[in-house]
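Only one chain is included here, represented as structure tokens and corresponding to the form predicted alone.
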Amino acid sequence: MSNVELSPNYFRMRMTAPQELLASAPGQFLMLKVTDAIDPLLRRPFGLFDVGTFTAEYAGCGAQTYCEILYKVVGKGTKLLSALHHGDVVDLLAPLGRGFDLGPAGEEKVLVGGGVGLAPLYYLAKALVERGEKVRLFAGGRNRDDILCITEFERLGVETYVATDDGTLGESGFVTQVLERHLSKGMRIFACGPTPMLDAVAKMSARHEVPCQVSMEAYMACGVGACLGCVMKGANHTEATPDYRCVCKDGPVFDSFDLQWS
């Protein structure tokens, strides 16, 4: 339906989709085939940024379903994806994986992400706002180009905080530094982004005794737990008693206390 560049190398794509996607949970993902050619062979995983309905421009079609993703051009697959335009046909598998547990009502919900890590957090923010929850967003990146769709969050009524490494937007420094100043008991954290950021957020949540869920990124080949190519170590992992978690099937969302961090 559309494929728009939001900032240098970051794109937002909207696609028509089967109505079954309306039952998807925030934090789930899809596997997208970027071309009919053999190279690149594997599908690419993308978090669901949004799912909803629209009225088709053709009379009598009724309400149709759409889904959206955010992605960054980093290699051959995403470069091919960025060349798609209105009317092109794509092949996707969705919804996949385990999404976020929204938690009990009444808690303050804190979302932490950056770059394309903001994708599943927007879908989550919509679900939380619909429940009448108070939601804050802490968005971080290297510079202003990595901060995406903040206006969309603000339109939902989400209180937003922004930090960039070089200070070109919001506060100067890491978003985890901003988060720690506002963190207190009675909150629940939902985070998605680079692993070093998730590592820092997980350790911070443990110090403050705040529940935390993290959406992990991994290279995936199948997306359904068959190839075991995206495993990571669980909290109880040792060489004598291996404890591996499959990101695509057991996740991508995990309780931060269930994983082994550096």
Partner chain sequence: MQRPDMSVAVAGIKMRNPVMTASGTFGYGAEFADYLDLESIGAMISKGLSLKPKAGNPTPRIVETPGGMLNAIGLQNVGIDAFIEQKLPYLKNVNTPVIVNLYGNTLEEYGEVAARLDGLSGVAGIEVNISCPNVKQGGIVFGTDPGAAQEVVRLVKKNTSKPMIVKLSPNVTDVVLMAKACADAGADALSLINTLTGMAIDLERRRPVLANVTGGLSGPAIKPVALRMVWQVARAVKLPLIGIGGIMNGRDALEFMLAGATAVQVGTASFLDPSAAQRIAGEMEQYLVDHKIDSVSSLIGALEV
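Every value quoted in this text rests on a predicted model; they were computed, and no experiment measured them. Positions refer to the first chain, counted from 1.
Although it is not shown, the form predicted in complex with the partner chain is what the next lines describe.
- The contact with the partner chain in the model of the complex, taken as any heavy atom within 4.5 Å, belongs to A221 out of A235, A206, A56, A221.
- Although the partner is absent here, A226 is a contact residue: one of its heavy atoms lies within 4.5 angstroms of the partner chain in the model of the complex.
- Using a 4.5 Å cutoff between non-hydrogen atoms, L93 counts as a contact of the partner chain in the model of the complex.
- Among residues of the shown chain, P40 is one whose heavy atoms approach the partner chain to within 4.5 Å in the model of the complex.
- For the chain shown alone, V231 is a contact residue for the partner chain in the model of the complex, at least one non-hydrogen atom being within 4.5 angstroms.
- Of the candidate stretches 43-51, 66-74, 193-201, 209-217, only 43-51 has residues with heavy atoms within 4.5 Å of the partner chain in the model of the complex.
- Residues from 118-136 do not approach the partner chain in the model of the complex: none has a non-hydrogen atom within 4.5 Å of it.
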